[in-house]
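Heads up, what comes next is one protein chain in two forms, each shown on its own as structure tokens, labelled structure 1 and structure 2.
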Structure 1
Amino acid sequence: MNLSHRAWVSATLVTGLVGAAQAGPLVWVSMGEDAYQLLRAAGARMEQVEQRTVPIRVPGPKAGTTLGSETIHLLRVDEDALPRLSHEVHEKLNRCGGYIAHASREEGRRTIARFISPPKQALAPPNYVIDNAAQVNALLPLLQESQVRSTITKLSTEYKNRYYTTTGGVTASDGLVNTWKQLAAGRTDVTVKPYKHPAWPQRSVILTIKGTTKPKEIVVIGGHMDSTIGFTSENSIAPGADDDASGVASLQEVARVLLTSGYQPRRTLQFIAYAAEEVGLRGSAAIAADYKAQGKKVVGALQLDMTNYQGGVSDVTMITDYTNAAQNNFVKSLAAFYLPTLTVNDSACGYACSDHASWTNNGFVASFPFEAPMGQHSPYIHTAQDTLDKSGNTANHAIKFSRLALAYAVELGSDGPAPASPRP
């Protein structure tokens, strides 16, 4: 990969200060030309702007083919200008997203360089075989829609919002630590730990079930705990029932069933509620970069973000961009084998839309099964109307994702068939 300083300097344009409307801290972000022009037009305070041309890659089965090129800008911008940017990208460009946040200039440059030469997978791919049917089929009926529903209700009604800097966001994180500790009670092979992020108060939360024979190999199931309405502050109403209380509730139910049933994985299983997703995938980016730096072997990651709004005819939509095709096929084969009544199709976000992209960007394998084809997902996200009643006051859709995630956790977590006689 071309990381040479020269490649950047020749393309560097320093604009210095542009406008001074806001006065928040400066954060490193990258974005495409269209979003950058909106930021300029808004007069956002920015510094150290530089750009690179990167190929536009086709997501999905034709991945590898390129469709011309685009300019990506890397810059430091006033943090207070970002909610407005997200809003304008939505209003004027008719899409979500708009930017990715970076911990530093170097991290931003590395991320952009990966668009030019994507990393080779560091780990040999695992065996994607279905060989734990007895165990999975015994556990699936233990998953309860009422449990998922009550978690969504709790997360979306107990706090005004779960934004990464507010009291609600911090309290929700502490609440998850407590709830998950209760689920883990009595198991010495399980830990629940808040993961501190130095730059903001909301912590990510990690529940770990230690693997019996391959504890160093880790399978991750994640969703994000934070919510937003764009310009979010202390008293904003951002219930985030679908985005993403639903994903956290779906995965918490898998953890509950695995823990109460006494299931012991061979590989280590980690359930993660990420902080600060809505502000540039910052919580997951920090964790994935940390794991990579420590040489942790993440065998696969599954992202659950928006699982409870069935806006289209299909049940599960596999996101094809920033995900791994081989693991996506494995997830589809799990659905076909264990949940044959579900319809599954493909769709693309078109940008790094959720935490799966943080794992992908750090060279790990990730998949993202989503609630609906793009455009047919919940229209209420990022508003005060993202409440459970928009899903008929049930978790009937979200529970399908618990089933799929449980099959994934046990099949990948077991790494081979279960022993002939069940373990005590």
Structure 2
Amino acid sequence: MNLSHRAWVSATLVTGLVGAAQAGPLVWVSMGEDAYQLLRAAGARMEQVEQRTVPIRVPGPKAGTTLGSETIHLLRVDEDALPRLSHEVHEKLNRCGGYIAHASREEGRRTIARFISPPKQALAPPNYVIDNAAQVNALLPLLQESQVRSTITKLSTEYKNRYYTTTGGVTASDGLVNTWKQLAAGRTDVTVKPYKHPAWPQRSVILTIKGTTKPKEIVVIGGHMDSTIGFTSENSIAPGADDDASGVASLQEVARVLLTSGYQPRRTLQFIAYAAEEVGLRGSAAIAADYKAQGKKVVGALQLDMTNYQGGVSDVTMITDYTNAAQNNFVKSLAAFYLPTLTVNDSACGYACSDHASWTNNGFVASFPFEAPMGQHSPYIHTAQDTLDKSGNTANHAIKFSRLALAYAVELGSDGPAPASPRP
């Protein structure tokens, strides 16, 4: 739905401690009320501020969720103010993310309008019945904490940073392509391709296992490969072990087990490492919009962003806002059935906190299982201290998310019970 100009609450605001000659270019972004107030308090140069109220699901006082709302601001802001905003969202709001980047005012308006009135889903809701226990239970023991730990170590130590414009960000992407191609060796039903983004050098990476009977229906499991410390340059130290080497490592281990075991899904499975999440969800937004434009049938998307820091007593926290309630309940049921020792609770993470929002905004079903209740997650993200030792030099927490993601991939990717074994 396109909103008329009159439908927006509009204002023009130009503030700033930076003179025009020193200021960076103005760019379009949208953000929640709390992030916007941080931007104002910092004296950032901004203009043409518009605001809307978006309905969201938040944890209820008892079990389940309740309907709430969030004020979203669309504005042009000095691009140089955004790294500081990202840092302060972490430091003062105890969460990550904070904004979505837009090519224009109209694109930003369309994005917010879709959060207010979500597009009709192209597919009927999938069957959320758990009916592949034999396959899942045979594969779960093959997942190895040591493999997840090794990937986190590699991503967080071999590159100074994995920022979307730096050499480290580009070489990390290229390295992931090579690693995933090695995992896929010998599988003719598997492809590994970099996804090019014209506006920046880092590429997203997509590993595809083609479905046998419903190849046009796609199940996505994703995490972002880039890292940041806010003001990130070529030589900045931004290891990003938890944010988000852990999520990429968790999903890569699922891909490894499915590939080496010879598992063949009925629906197509895609494992995606997104570029440029830390600068406004740019990589996932481009991919999700591309899939929507092509009419691709994405049955569900699962986001793994920060999986290895266990804050508090919970094992898995389901993010309720900007996600799909029915699929969230399915993911919870998978945890209860296959991983009954895990504790699962709900939390909200705010506007634009990770790539699940890009899928939701384009009309696809998305869920985001997170490492801890919001505010109890790793306090080291977006700093040079986001290293594996902050999780005890293990991937004991991240492997839980690999198990959950494997159950999700097989149950949703199989589209019904596994065929009966032929009698001897």
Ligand code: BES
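Computed from a prediction, not measured in an experiment: that's the story for all the values here. What we label the rigid core is the largest C-alpha set whose atoms superpose within 1.5 Å from one form to the other. Residue positions are counted from 1 along structure 1's sequence.
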Students should recognise the form predicted in complex with this ligand as structure 1
Is Arg266 one of the residues whose Cα moves 2 Å or more between structures 1 and 2, with the core superposed? no
Using the core for the fit, does the CA position of His73 change by 2 Å or more between structures 1 and 2? yes
Quick one: once the rigid core is lined up, does Thr208 have its C-alpha move by 2 Å or more between structures 1 and 2? no
Align on the rigid core first, then pass along the CA displacement of Arg40 between structures 1 and 2 in angstrom. 6.2
